[in-house]
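First comes one chain, alone, set out as structure tokens in the form predicted on its own.
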């Protein structure tokens, strides 16, 4: 299949995932909930479909399914605007409020184009994130380094401080800073190197997450997530996470509960730079995570036009106690599955009787029961006519996912194959989310996840064999 790279590709534009109308998008940034809106800022090139001129694009949603794209929020100036986070400063600790409503405060990495120095800057908004003012005393942290980026900030109530986690990519470390006001920061600790160190560490997030199955609804642990830009999954990029404790100053892995070398967040070839929303209201399901469904190895060649880049479905995070160890679970937000059911795009089938299922317009949710009282290994194939684009293989002692080379993407790094062992091999249920060019697979209620982009010519069919 040959796709004209200058021809519009509406057949690949997702309906229930966010993608900009035009140009390049990568990392999600500044996720914050405020006055009924979920804000999604993101790395954006206002000038074209390749990476460059990094600014913060902006979209909002009332339900995490349907998105409205807004004008560029924080544009490139003398510096490119790299990744970061945002919070609502409810008590106006920063003094940046207008006396009417609490400000939204963004903390991001400014990349100085002339010197290549990266430092942490603050901007603030008084109009629900539509326009932003730069803090007059920027930068708020400057180590004089070329690689020092991706701050994520949250309020740590237990120690009464704002916390920043930020990456030293080349050193394979995450630093922890504390502040009383979002403007003055003190370094209090770091973590790493640990786990995978074959590429740069990027886009850290530190998240307090509830534990399932303990009988104690208040039981939580902290998860430190950090991305690796290469040499992680079959040579590609991805994210690893560590489970442990955080006291407002330092993070420590408890080796009795979690592996010291970490675990993989998503085993697919396209999931990167994921971060969580801040300021979700009490009683809201969460934490909620979203990631860029692409990678820096092959994503620049994906055949979509006039845009390039898409965000994942938002996912609810929990921890599961499994054989004495804690592992992360991810499931789609409730609203996503509700939308699929209400529009007739949700199909519940039994693997042994499904044969081949065609997904009209390459959109919908397919829930497969792989057990039916008599579990057996199987292969779930993603077919474009007679061409196999990808496959999920459930073996006796492993689960494997493969995405195969295609004429639609002219780059060797597109094809990937990942093998996962352990008890996750005996998958009982598989939930597949399809939205035009996006595929997200949740095995056993999200204990194992594979995400990728596919570019079929015809309606995609899913075949169990």
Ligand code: FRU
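As the structure is a computational prediction, the values presented were derived from the model and not from experiment. Numbering follows the first chain given and starts at 1.
Keep in mind that the form predicted together with the named molecule is missing from the display, and what follows is about it.
The partner is absent here; in the predicted complex, the one residue of 83, 304, 330, 311 having a heavy atom within 4.5 Å of the named molecule is 83. Scanning 54, 430, 433, 31 against the named molecule in the predicted complex with a 4.5 Å heavy atom cut-off leaves one residue, 54. Looking at residue 267, you'd find every heavy atom of it more than 4.5 angstroms from the named molecule in the predicted complex. Residue contact with the named molecule in the predicted complex: residue 27 places a heavy atom within 4.5 Å of it. Taking the partner from elsewhere, residue 149 is found to have a heavy atom lying within 4.5 Å of the named molecule in the predicted complex. For the chain shown alone, residue 178 is not a contact residue for the named molecule in the predicted complex, no non-hydrogen atom being within 4.5 angstroms. Within 4.5 Å of the named molecule in the predicted complex, a heavy atom is found for none of 13, 65 and 363.
In plain terms, the part of the chain that comes close to the named molecule in the predicted complex, with a heavy atom within 4.5 Å, is 202-210 out of 341-349, 202-210, 131-139, 157-165. Along 296-318, a single residue, 296, places a heavy atom within 4.5 Å of the named molecule in the predicted complex.
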